[in-house]
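Here you get one chain, nothing else, as structure tokens; it is the form predicted alone.
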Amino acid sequence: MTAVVTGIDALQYFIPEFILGITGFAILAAGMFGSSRKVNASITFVSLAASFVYTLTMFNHPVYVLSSTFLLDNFGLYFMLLFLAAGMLITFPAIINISAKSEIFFSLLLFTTVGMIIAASSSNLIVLFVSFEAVSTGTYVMTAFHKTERTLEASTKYFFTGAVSTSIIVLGISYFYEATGTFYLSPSPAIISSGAMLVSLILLVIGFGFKLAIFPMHQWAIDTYDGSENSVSAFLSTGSKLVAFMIMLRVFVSGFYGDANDFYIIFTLLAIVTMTYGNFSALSETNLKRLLAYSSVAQAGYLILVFSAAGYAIGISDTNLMEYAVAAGMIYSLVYIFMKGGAFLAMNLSSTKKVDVSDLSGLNKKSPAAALSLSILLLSLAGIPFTGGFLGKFFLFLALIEVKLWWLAVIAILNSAVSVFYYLRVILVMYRGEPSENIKVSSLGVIPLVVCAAAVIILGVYFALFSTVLGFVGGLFR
């Protein structure tokens, strides 16, 4: 039973937002008196950690807040934790390259995270849109933070692509309202499929497809990830991308429950071409950040397999299999934070702006811990057993098999096999040859990699986590 909370009592459910928002303004104020970047980073990390701990206390007590505009359920709270973790992951590594006006960068990180966690708890399309645009606006500025030619080019491409996708999303929302007469998301089979709903579905897939970097709406991500500061690239490829994925779960699985067959077909086609394009493009790439960017496109293809499985399961009226598919996507999202975020943070091990694969040559001789950690992260991205990436793909592919989409699972497995080649190429370079002159080893560069690798290994053997996450999916059906 989901309680309904109104009035002043509702404020207690927004404590994490208050913590982050107030801290963000405090860091800006402290910057007027010359606060150091290490102090700003420490305060940012503590506020994110405090919000993380408070969010943990909110589990298992689902409530509707502010006239059902917000739904604080385990599904949304789970993603809130992921977004807070993504922010904590990049906080200290950002110190390496963020020096001047660090108070602006860290306050932006906090304000952007506020938008993320608001989106996680919203069940209204208007609030989802506004909070998502708050995230986009913050990341536009973070991408351009250094104001160099590369970062400004990356931010400009990101901004104009974001502006186009925003207009498409608004149009899609208007058609959704035309068909349903509401902006609230409700998993009701009573909503009959109509022409307006189909148009809304297509427009929202295109709009959010840009945000998630699904082929063919992906090219901005390659240039933006490559041109951004390393910690920003890590944040864009994890937190920002997973916000889009979470919103898509809310919107398509709940709002288009009656159009499951349509989004099953659309997402199946998009998943196949996105996985295949991302993996084969990465095979010939020598720029390491662009290689990881193409890998990120391929990972988006794996993520949207959730919609193929969920849509097919809803179409055959099997809610249990639908929940299984969504839970698999949630597990993969958790692992993705560490394996993809850590891989992008590994760019801090090179002193060059454009990191080539050869720049990590002989890394094992300079820092065995960094080489081993990055190897674990890359193997996890490839889905090698005993890593979190394998666990995530195992449940994801099993979900496809359970709904009789075994042929789609085979295509996904073959794509994973292709990815092994370019990940192994990077690993071999780190363990062969003499150390490159461009290698730059520091504690802030190595420690985050070790933490991410440890998390990936732990998640790779923690099979019991799936049953816990499976219990969180019910929030999509209240």
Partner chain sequence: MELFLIQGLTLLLFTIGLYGVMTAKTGIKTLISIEILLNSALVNLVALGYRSSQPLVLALFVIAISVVESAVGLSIMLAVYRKFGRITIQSLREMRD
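Numbering follows the first chain given and starts at 1. Keep in mind the model is a prediction, meaning the values are calculated, not measured.
Here the subject shifts to the form predicted in complex with the partner chain, a form of this protein not shown in this document.
Although the partner is absent from this view, residue 153 contacts the partner chain in the model of the complex, with a non-hydrogen atom inside 4.5 angstroms. When the partner chain is considered in the model of the complex, residue 227 lines it closely, a heavy atom lying within 4.5 Å. Looking at residue 170, you'd find a heavy atom of it within 4.5 angstroms of the partner chain in the model of the complex. Using a 4.5 angstroms limit between non-hydrogen atoms, residue 88 is distant from the partner chain in the model of the complex. This chain is displayed without the partner chain, yet in the model of the complex the stretch 126 to 134 from 229 to 237, 331 to 339, 126 to 134, 248 to 256 comes within 4.5 Å of it by heavy atoms. Not one of 36, 52 and 61 places a heavy atom within 4.5 Å of the partner chain in the model of the complex. Of the candidates 74, 174, 97, 194, 174 is the one whose heavy atoms come within 4.5 Å of the partner chain in the model of the complex; the others do not. Distance criterion of 4.5 Å from any heavy atom to the partner chain in the model of the complex singles out 148 from the list 317, 352, 358, 148.
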